[in-house]
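In structure tokens, the next block holds one chain alone, the form predicted on its own.
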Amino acid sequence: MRDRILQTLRDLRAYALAKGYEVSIDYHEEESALMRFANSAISLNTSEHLIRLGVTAYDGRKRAGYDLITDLDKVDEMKMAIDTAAEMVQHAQPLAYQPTIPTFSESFADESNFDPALASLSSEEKLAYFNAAAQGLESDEIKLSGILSNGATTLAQINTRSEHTQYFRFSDAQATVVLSHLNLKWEVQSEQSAHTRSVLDPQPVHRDLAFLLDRYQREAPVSLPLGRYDIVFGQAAIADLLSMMQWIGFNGGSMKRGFSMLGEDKVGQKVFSEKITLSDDPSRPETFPFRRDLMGLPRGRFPLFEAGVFKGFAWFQDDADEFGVQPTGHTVMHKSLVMEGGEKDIPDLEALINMPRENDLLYIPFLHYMNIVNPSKGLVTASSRFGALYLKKDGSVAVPYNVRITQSLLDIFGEKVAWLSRQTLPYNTSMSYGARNPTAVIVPLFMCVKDLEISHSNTSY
């Protein structure tokens, strides 16, 4: 299949050259499948196969793009897309800067992130996963819901400035398993990300669900008073906070447009806790990495924060063109963010609850409806999701109703950080909208941050 895809792109390139066009051509193919549960039954079991072709035409500082959903057999349709983009660029408004046209110095192909067993996961395997994850946990009041999605993503590129091509292939899977109480309306949830079939294992999911279910059935619910709390964020919450930081933290284009909490004067300065080390590391297969960016630049580990010190901004090619700086190999569909763990040996939720503690701790595994309040201050807001626990210093545990935090990322990852778990895992942050783009962030299982304010507290589930 790879040979056919690349030959089709070469044929399209030859067509564009014959017409005198300056274009780059991007091919995206996805095979996506999912099984969804609701009320302890399969509510949806579906799949789709889509091929997208993107054509970008250039004329000096003018640029125009045209996308279509197509098929490899429809070469004439693809040629029409090239003609359309070439016509559009004639009427485009010139940019204020000269955009860089991708020019590959050599051909590159990477299929090391593709596992056919994961990509072709059967309906029977998905059902077996759900059954194992929820074994013995359902009842007349406790119902199972969730999604297990898997698939394959193929990307290929060519342009009229070079005969070389780039080719990438990924497989991925993401599982979300939820148990909910029909009458009390609470939920507990566990998730898993997989880059190979071998790591897709329902047993850790079952363990976490069983532990949370026991707590939610036994412990009293409480509405927490407003005020300041020591908060332990779970891996999902940490990953979502880092995902937000990509846009209002270390993104060079956002910084230049005044949409970042960091300025150029912060490079080389300590802005976070010395416990925070964050990098973009495409050597980690769990993150579905791009080892070349879409402009052809090789990608290695790129430090963002080392022991709290800000090392530098990440630059997309187009932002680098606009603001006259060097690109950093970040013209990719997603980064491979890796946050290093700390010194606390806390391998799971049970260990967190059983550890000695000097203060009450509010455990927030998930953040919901996160949004930006003030990007220049790094201020974000979000509410907790079900699965939260209130761990009292006397050893007892309560189930808190949802709360809202509105806090700066500079505080959350700053000197208020008390500790990080040594253990890390990938957390899947893939979006379900648009073209398939498997994404995962490697983060500690737990991060404790002292003295954060709760601005709102619910009085019921």
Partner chain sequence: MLEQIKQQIDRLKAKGVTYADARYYPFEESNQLFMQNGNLKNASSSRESGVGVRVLYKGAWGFSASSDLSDLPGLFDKAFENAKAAAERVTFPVRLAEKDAIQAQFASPCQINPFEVPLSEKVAFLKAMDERMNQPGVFLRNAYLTFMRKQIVFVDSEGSQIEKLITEVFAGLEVNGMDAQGVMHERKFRLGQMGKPTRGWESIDLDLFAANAERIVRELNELLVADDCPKEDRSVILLPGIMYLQTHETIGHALELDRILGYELAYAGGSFVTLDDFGKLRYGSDLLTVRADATVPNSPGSFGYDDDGVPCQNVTLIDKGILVGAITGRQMVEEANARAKKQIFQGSGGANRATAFYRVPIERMTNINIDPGNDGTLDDIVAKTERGIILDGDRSWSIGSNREQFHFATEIGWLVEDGRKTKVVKNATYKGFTLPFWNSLSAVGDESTWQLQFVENCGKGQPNQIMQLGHGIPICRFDNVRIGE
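Since the model is a prediction, treat every value here as computed from it, not as a measurement. Residue numbers count along the first chain shown, from 1.
Another form, the form predicted together with its partner chain, is not on view; read the next lines as being about it.
K.L.:
Go through 178-186, 346-354, 276-284, 306-314 and give me the stretch that gets within 4.5 Å of its partner chain in the model of the complex, heavy atoms only.
P.N.:
Looking at the other structure, the answer is 178-186.
K.L.:
Tell me, out of L144, I101, A119, A210, which residue has a non-hydrogen atom within 4.5 angstroms of its partner chain in the model of the complex.
P.N.:
That would be L144.
K.L.:
Please identify the residue among F413, F37, Y427, Y58 with any heavy atom within 4.5 Å of its partner chain in the model of the complex.
P.N.:
Selected residue: F37.
K.L.:
So in the model of the complex, does any heavy atom of E163 sit within 4.5 Å of its partner chain?
P.N.:
Because no heavy atom of E163 falls inside 4.5 Å of its partner chain in the model of the complex, the answer is no.
K.L.:
Report whether the minimum heavy atom distance between S455 and its partner chain in the model of the complex is within 4.5 Å.
P.N.:
S455: contacts its partner chain in the model of the complex.
K.L.:
Considering only heavy atoms, tell me if R63 and its partner chain come within 4.5 Å of each other in the model of the complex.
P.N.:
Contact with its partner chain, yes.
K.L.:
Can you tell me if T381 lies within 4.5 angstroms of its partner chain in the model of the complex, counting non-hydrogen atoms only?
P.N.:
Yes, T381 sits close enough to its partner chain in the model of the complex that at least one of its heavy atoms falls within 4.5 Å.
K.L.:
Give a yes or no on whether each residue among A220, W247 and R422 has a heavy atom within 4.5 Å of its partner chain in the model of the complex.
P.N.:
Answer is no for this spot.
K.L.:
Using a 4.5 Å cut-off on heavy atoms, which residues of 422-450 contact its partner chain in the model of the complex?
P.N.:
The stretch 422-450, when checked against its partner chain in the model of the complex, contributes M431, S432, Y433, G434 at the 4.5 Å heavy-atom cut-off.
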